[in-house]
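One chain comes next, on its own, written out as structure tokens in the form predicted alone.
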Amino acid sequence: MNTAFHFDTLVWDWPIAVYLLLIGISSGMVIIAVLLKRYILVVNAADDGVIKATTIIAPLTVILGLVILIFHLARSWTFWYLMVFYNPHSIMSLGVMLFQIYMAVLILWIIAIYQAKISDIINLAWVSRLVRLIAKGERGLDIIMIFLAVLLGVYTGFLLLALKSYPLLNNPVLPLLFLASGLTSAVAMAILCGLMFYKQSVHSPSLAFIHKLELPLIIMEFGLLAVFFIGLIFGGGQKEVAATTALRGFWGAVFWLGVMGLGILLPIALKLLCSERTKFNKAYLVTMSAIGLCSVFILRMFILYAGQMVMA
């Protein structure tokens, strides 16, 4: 029997949505952290709560995401093959290559951030020389890291885009939509971690900067969603069928209430109606961040499930 979570054309289910969410958080947090390092904090970035959170969450979410993906494969034990033998014609293989490069540069980038602390903790001459050598390339690592983070952010969209038999997923707007929603989830995660785990002031330079990004990102996400569906509807044929099917029934309700209501209209309304004092209240920021994370996960679930309901 077909239900909203089980139907004949379904190939990828909810663990893939979790994987897409985790990769988006990692990508978005690195992009934000690099911007903070280069333009807001400039010095002593290693002492900032958002930077500290990024150096833990960015690698951890990628590792968790890959573990979920590996155990979700039909033949999990063959994943090592993808990590050794690359196929330039496979989006999955190109993704594995990207993950490996991203993680390697991410480790170097983290070492550069904590260069002084590492040298203090590990009192070995060769370690200090190696850390200094890596730290000399910190500016270059920032540039490479932000480039790789953007690639990772759009990659999850390209991964679904490659499913050509599903008109809703085979949409060129999807990589940009996932990049924007990944940044939204990263903003939410950065604020949550900064406030909850590192006791950062809501008026600190890093949180004040991130707070300013919320509204532009929500508006960008709304614009990309509009382009996403307008393109499908004017595309006609099965594209139009896929769009109208997605916007009705169970997944239609999920989209209108969870994505549009919770993720876009509610934050915009609160931004317009609440006073500046309320907007910088800790409870308000934590609540809005939790809502932001939920709405991004709902968007991933909607795209994944609604996207597989209609085939070309």
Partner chain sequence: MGVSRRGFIMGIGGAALAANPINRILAEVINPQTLVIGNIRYGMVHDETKCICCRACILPCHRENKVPAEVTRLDSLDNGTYRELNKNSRQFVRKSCQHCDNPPCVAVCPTGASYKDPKTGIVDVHHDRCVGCRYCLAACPYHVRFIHPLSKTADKCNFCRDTNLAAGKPPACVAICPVKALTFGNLDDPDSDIAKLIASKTVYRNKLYLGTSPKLYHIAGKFGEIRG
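Residue numbers count along the first chain shown, from 1. Quick caveat: nothing in here was measured; it's all calculated off a predicted structure.
Only in words, not in the display: the form predicted in complex with the partner chain, which the text now covers.
So, a 4.5 angstroms cut-off on heavy atom distances: do all three of Ile57, Met196 and Phe302 pass it with respect to the partner chain in the model of the complex?
Checked in the model of the complex: no contact with the partner chain for any of the three.
Selected contact from Ala226, Leu215, Met92, Ile107, since only one has a non-hydrogen atom within 4.5 angstroms of the partner chain in the model of the complex
For this set of options, the contacting one is Met92.
Contact residue in the model of the complex, chosen from Leu176, Leu163, Leu192, Ile111 - any heavy atom within 4.5 Å of the partner chain:
Contact check passes for Leu163.
Go through 139-147, 124-132, 163-171, 202-210 and give me the stretch that gets within 4.5 Å of the partner chain in the model of the complex, heavy atoms only.
Stretch with heavy atoms near the partner: 163-171.
Would you please decide whether Asn87 lies within 4.5 angstroms of the partner chain in the model of the complex, comparing each non-hydrogen atom pair?
Flag for Asn87 set to yes.
Does Tyr81 reach the partner chain in the model of the complex, with heavy atoms at most 4.5 Å apart?
Yes.
Even though the partner isn't displayed, in the model of the complex is Ala4 close enough to the partner chain, meaning a heavy atom within 4.5 Å?
Answer no; every heavy atom of Ala4 is more than 4.5 Å from the partner chain in the model of the complex.
Residue-level contact is defined here as any heavy atom of the residue lying within 4.5 Å of the partner chain in the model of the complex; does His72 satisfy this criterion?
So His72 counts as contacting the partner chain.
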